[in-house]
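A single chain, nothing else alongside it, follows as structure tokens in the form predicted alone.
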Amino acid sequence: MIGVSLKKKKEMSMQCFESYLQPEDVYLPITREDKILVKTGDLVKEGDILGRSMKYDLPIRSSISGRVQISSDASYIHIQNNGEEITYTKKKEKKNYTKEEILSLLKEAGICGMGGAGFPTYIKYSTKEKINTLIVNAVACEPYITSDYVCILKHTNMILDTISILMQTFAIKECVIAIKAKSPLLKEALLTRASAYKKIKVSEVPNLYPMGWERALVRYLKHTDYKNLPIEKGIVVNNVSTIYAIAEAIFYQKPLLDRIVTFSGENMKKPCNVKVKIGTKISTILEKIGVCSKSTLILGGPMMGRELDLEQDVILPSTTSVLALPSKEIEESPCIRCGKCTENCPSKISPILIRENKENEEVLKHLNPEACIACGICSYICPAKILVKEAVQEAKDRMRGRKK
């Protein structure tokens, strides 16, 4: 199996958990295509619908109560917190749900993928294809990130109960919870409780990166591949934090308003996992935790993440981590034609050839940069320290723009 072994560095944040659920302000991104249902000056409550994303027909909900202000460029909704937080209490459990009830719940709670691109969860389950297998991705294959781990350890029973409800509602034959090999805490927590669920099994996957990639999980666990989406093979893949968001919607009728985010790295003064409201400015959390000087701040993991914009970046449903790493001067050398980037590419493309032809569309048509998953292995493994991933992303964007 193609992949690289990385130092995990997860022990930094595993034992620390905090909540930051009363930010002074939140900033919720919107687009000009979205249908906005509020105006500047309106008073809203936590959980109120502010508008709808027209791309996927998902509600845009306020994560706090307060006064609305829409930005002059209509790029975000700013809400000033008035402190009137809502307490969500557990509702009386139902024995059975219809597909329509669960799909409506997923949609109106605004639940989306919380480990990747943020794809709406209700669409995954709105398939005409038969769902035979549910894969719950708890691999968290990038170093430092422990938000999914903490989510499992704190909410094991709710996660398993929710999986059981999904399986019963959609007549799913089996569920596989994928964890990394040598994750003793997760293994103990899940195996101890999962034994009560006959159709749910826990599977350890190789401690390789990018094992958490959806396609790699399907290949390893089900020994099959697909062209576009896993449902072609009767498979749905959900991140474990997404499963917990579904749990809160089912048991508490709570929409997706917050999530657990890892704040870690050698230059983070107090590495920890923080439960934080969607729309919270990341800079306000960093001020509370503390960051060493001369740090490189990364939004996401060290392999797939990007440099953090302290002025603009806020917590989104797909935000898994924020890292503070020691700043390093990296000096590129000429390519030595070792071929390591091609040998280790999980998408089976040639990153260095794409880089060298990133402005030649005729050549790029045959090199398939669109297949890149931005895993960063090519840059990580390059002995010449060439920023290959960034160049491939440029080529990918060029080809996608050409097809529009």
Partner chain sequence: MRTGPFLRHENATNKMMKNLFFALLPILFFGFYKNGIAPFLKGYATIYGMIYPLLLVFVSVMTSYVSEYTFIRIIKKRGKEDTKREMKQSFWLFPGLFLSLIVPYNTPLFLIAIASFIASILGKMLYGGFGYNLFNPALIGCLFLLTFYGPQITSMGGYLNTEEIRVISGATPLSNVSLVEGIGSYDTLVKPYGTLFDFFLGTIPGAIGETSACLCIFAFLFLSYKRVIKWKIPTFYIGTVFLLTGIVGGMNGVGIWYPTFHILSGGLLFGAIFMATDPITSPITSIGQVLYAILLGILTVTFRYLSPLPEGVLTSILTMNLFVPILDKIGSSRGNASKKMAFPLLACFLLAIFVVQHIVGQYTQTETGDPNFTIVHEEEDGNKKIYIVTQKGNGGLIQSKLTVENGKVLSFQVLEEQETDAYYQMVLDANYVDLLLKNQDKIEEVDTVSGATISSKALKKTMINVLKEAGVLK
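Remember, predicted model here, so these are calculated numbers, not experimental data. Whichever C-alpha set is largest while still superposing within 1.5 Å between the two forms counts as the rigid core. Residue numbers count along the first chain shown, from 1.
One more form of this protein, predicted together with its partner chain, exists but is not displayed; see below.
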Open item on the list: I'd like to check something about residue 184: if you look in the model of the complex, is any of its heavy atoms closer than or equal to 4.5 Å to a heavy atom of its partner chain?
Closed with: no
Open item on the list: Under a 4.5 Å heavy atom criterion, is residue 306 part of the interface with its partner chain in the model of the complex?
Closed with: yes
Task: Close approach of residue 21 to its partner chain in the model of the complex, 4.5 Å, heavy atom - done: no
Task: its partner chain contact in the model of the complex: residue 69, any heavy atom under 4.5 Å - done: no
Task: Option from 166 to 174, 329 to 337, 247 to 255, 111 to 119 whose residues, in the model of the complex, bring a heavy atom within 4.5 Å of its partner chain - done: 329 to 337
Open item on the list: Between 143, 212, 279, 317, only one gets a heavy atom within 4.5 angstroms of its partner chain in the model of the complex; which residue is that?
Closed with: 143
Open item on the list: Since the partner isn't included here, can you check whether its partner chain sits close to all of 147, 156 and 260 in the model of the complex (heavy atom within 4.5 Å for each)?
Closed with: no
Task: Sequence-ordered list of residues in 340 to 372 near its partner chain in the model of the complex, where near means a heavy atom within 4.5 Å - done: 340, 342, 350, 352, 353, 365, 366, 367, 368, 370
Open item on the list: Checking residue 18 here: with the core superposed, does its CA move 2 Å or more between the shown form and the other one?
Closed with: no
Open item on the list: Tell me whether residue 39 is among the residues that move between the shown form and the other one (Cα shift of 2 angstroms or more, core superposed).
Closed with: no
Task: Core fit, then residue 28 C-alpha moves 2 Å or more between the shown form and the other one - done: no
